Ligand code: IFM
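Single chain ahead, written as C-alpha cells, the form predicted alone.
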Amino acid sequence: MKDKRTFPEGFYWGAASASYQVEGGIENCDWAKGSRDGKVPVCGKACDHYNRYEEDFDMAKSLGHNATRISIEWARIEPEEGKFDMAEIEHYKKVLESIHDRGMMPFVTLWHFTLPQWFADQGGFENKKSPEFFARYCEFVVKNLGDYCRHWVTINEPLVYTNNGYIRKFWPPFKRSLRLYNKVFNNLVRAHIRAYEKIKNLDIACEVGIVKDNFYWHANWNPFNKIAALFMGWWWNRRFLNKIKQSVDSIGLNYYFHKKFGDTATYEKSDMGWDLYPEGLYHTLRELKQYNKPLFVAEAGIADEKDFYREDYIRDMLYWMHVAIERGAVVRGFLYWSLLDNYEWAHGFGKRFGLIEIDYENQKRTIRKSALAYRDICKSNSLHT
C-alpha cells in the first residue's frame, strides 16, 4: 500500500515567476541595457505576461494552485528618480486582484535582480544612498498596494546577485571586485532592514520576508572537506540572514544546488547541468529552523525541456520537504519555479523550467504533463509515496 503524506492544513501550493523574466516590454533597466550592449541575451517580449496575466492565472488555477509568487518591476514603478508612475500601480493592482479573484494568495517580491536605469547609472547598490532609494520605492509600493497583498519579500537571492554581478561578471554591472562585492553585500543588508522598517511602519500586521538562495553544503569523511562545508554553510547560507534576522517575519528558500566536498559520485543532471539532488531541500530547510521563523519554498525547480525528469523531481522534493516538516520545520508553502518557461537571465530562453511551455513564436501556452501530476498533489494537499 502506498504511504500517504498529508501536508499541514492551509498549505500554499503554486508556482513562481519574476517580472523581467516573463512580462516583456521592459526597456528602462540595467538588463535591457546589457542586452543592447551585447552582454546578455535580449529579453524583448518574453512571455507577454504583462498583457496575458489573466490567461496565465487561469491556467495556474486549473492546476490546483492556491498561491502564486510574482514580482513588481521597480523600473516600471519608478522610471525616473523620485517620479512614480501611478498607471503602473494600477496595472499591478489589477494583477493582484486577478490573483485574488481566482482564489489564490499572492506572494510579492519587491526586487528580483533588475535595476531601473537611473539607479544603475548612479552605481546601483554600490551607492551609499541605495538603501534609502530602495526603501522609498518599497514604501511607495506597499502604501499603494498593501490592501491587495499581505506577504511581501524585499530582496530575491542577494548572494546570487552579488556573486554574478561582482565576482563572475555574468550579470550587470559586469564587474569583478571583492571590494565592491562587500560594499554591495552590506548595502543590501541595510536596504532590507530599512525597507522592513518602512513597510512595518505602514502596516505592522503584514508579513515582510526575504528570499534566500541556500545550498546544501556537505562533505565526505575528510576533515578538511568537513571544515570547507561548514565554512561555506556560514559564508553562503547564513551570513546574510544573521545580519537581518531581527528584521524579518518569514524566510523564503530557493533551493537548486548541493555541493559535497570530496564527492566522486555522478548525478543525473538538469538541462542547466545542475545535479538533481532533491534530498538537499530537506537539509536546507532543517538548517533554517534555527531562525525560528515561518518558512516557505519560494523557488525550487528544474530545467527540463523534454519534461523527462520534472514529475519525479517534484515528487522527490516534496517527499523531503514533508520529512523536514515532520521533524519540526515550520514550512507553509511550496512554489515551484517556474509557472511559465521564461527568460533565464544570461542563458536567454533556451532553458525551460516552466510547468507551462511557451512557444515564443506565437505565445501559445501548453500545460506540461508534469504540471498535471503536480496538480493532483496540490488539490489533495497530499503526496502518495
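Everything quoted here is computed from the prediction, not taken from an experiment. In case it trips you up, residue 1 is the first one in the sequence shown, and so on.
Keep in mind the form predicted together with the named molecule is missing from the figure; the text below concerns it.
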In the model of the complex, residue 310 touching the named molecule (heavy atom, 4.5 Å): no
In the model of the complex, residue 78 touching the named molecule (heavy atom, 4.5 Å): no
Proximity of residue 254 to the named molecule in the model of the complex, heavy atoms at 4.5 Å: yes
Partner contact for residue 216 in the model of the complex: the named molecule, 4.5 angstroms, heavy atom: no
One stretch from 109-117, 80-88, 173-181, 199-207 that, in the model of the complex, holds residues within 4.5 Å of the named molecule by heavy atom: 109-117
Residue (of 316, 357, 344, 48) lying close to the named molecule in the model of the complex, criterion heavy atoms within 4.5 Å: 344
Heavy atom within 4.5 Å of the named molecule in the model of the complex - residue from 130, 250, 71, 156: 156
Those residues of 292-321 which, in the model of the complex, come within 4.5 Å of the named molecule by heavy atom: 299
